[in-house]
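Take a look at this single chain, the form predicted alone, given in structure tokens.
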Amino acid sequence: MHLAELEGLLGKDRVYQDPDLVQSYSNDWTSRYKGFAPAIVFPQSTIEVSKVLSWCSMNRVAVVTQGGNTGMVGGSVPLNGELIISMKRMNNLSISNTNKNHIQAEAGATISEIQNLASSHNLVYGVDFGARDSATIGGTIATNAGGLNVLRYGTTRNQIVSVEAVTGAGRIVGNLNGLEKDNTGYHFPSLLCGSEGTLAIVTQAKLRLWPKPEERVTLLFGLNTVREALEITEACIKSNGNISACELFFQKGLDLIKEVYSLHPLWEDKHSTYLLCEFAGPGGITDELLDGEIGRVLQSQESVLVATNHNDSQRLWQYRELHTLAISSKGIPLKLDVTLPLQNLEYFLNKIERKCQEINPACSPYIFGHSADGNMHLNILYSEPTVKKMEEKVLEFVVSLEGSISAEHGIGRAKAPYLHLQRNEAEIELFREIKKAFDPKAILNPNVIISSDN
């Protein structure tokens, strides 16, 4: 690999070969995926990305693209010595000149930076999750990230108005016109969102913003069964259009959070199941909730906490949001992000721990997630040496219940061997043909989504 040629194209300040720096970019944050790379390239414009990919395509140099490197399925790790393209220096942000309800963002801008700019204009960006301070918009477009507010705003795909990207051959495609109606052929934003960097590198996007809610109300219920939690979830969705989140977690995860972060117990730990619901919208939500169907739900429950200001709400949210960090503090978990149809979610939740321990009695599963859309995050500690068998059996169980093996983290390399559980041969072959059109030398994120074994 003649990196001097690449330095000549971009300048030495764009290409870094320092072993310690390169190694810090070669592992993912879960510590499950560890790779190696010859160098990191830091482009600062779409033109520079085009130059890099043209050179890589001509020289058949495989690459992985990174934003915040917060992925959980090995999609941005150079497991086979690929060149790393980091988008961190492309982080410019601005409110659109043509539509004040749009943000124009380069791929390296973080979700929190986008949220902060939107908030300063009394607007909100619709995607939010715990890794907001490090995850970038390019990475979340690549994986079609969902997060906490899918119920209200949809996934990342629903936030994108326009994209600009560079194909594996170095061609710049897309536009940033920001038009809500533009039916001029195939829709690049929809196609590239969720493609996990296998077709092109998204360099910029125009993003849809939403009116900032005037009032938020957060409710935390202590319950005894999954069925109760799902019944309240259904009532919240049906009876109030201002619902923005329904989050489900369990006493086992709460015990771990209390141990790691010394949080106070909830209702003296007498419950097994917890449901956090948030409503956001125009002023008067609190009164509306108390007078409506949710008010009747509140009156029927013994254990409920209500937060109507930011600080109190954050105190309730930490019981949900600290799960990931608390679990990771105990070891490297096997992370299986899945979606179940709501009618099968109760059965899944009641059976999954036993299913895991039948495979490996020493494992310790933790589960939490988004009850309104059926997206559950299964984190299994101490799954060695049965990781492959655990993955296979759990994902087969999910598919048997008409679920999806990947909800919002993508397929990456981790789940590529199991894509056939969800997609038939004709679909996978079509995926290959689409990739070949965008990336004829197959240099972009090799073995992501489609493994060489498929």
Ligand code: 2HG
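Everything numeric here is computed off the predicted structure, so don't read it as measured data. Residue positions are given as counts along the sequence shown, with the first one as 1.
One more form of this protein exists, namely the form predicted in complex with this ligand; it is left out here, but the text below deals with it.
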Contact of Asn379 with this ligand in the model of the complex (heavy atom, 4.5 Å): yes
4.5 angstroms heavy atom contact with this ligand in the model of the complex for Phe368: yes
is_contact(Arg320, this ligand) in the model of the complex, heavy atom dist at most 4.5 Å: yes
Heavy atom of Lys415 within 4.5 Å of this ligand in the model of the complex: no
Answer option from Lys258, Arg216, His271, Lys335, heavy atom within 4.5 Å of this ligand in the model of the complex: Lys335
Contact residue in the model of the complex, chosen from Asn242, Thr324, Asn360, Gln115 - any heavy atom within 4.5 Å of this ligand: Thr324
Which of 382-390, 403-411, 421-429, 38-46 lines the interface with this ligand in the model of the complex (heavy atom within 4.5 Å): 403-411
This ligand in the model of the complex - contacting residues of 67-102, heavy atom within 4.5 Å: Met72
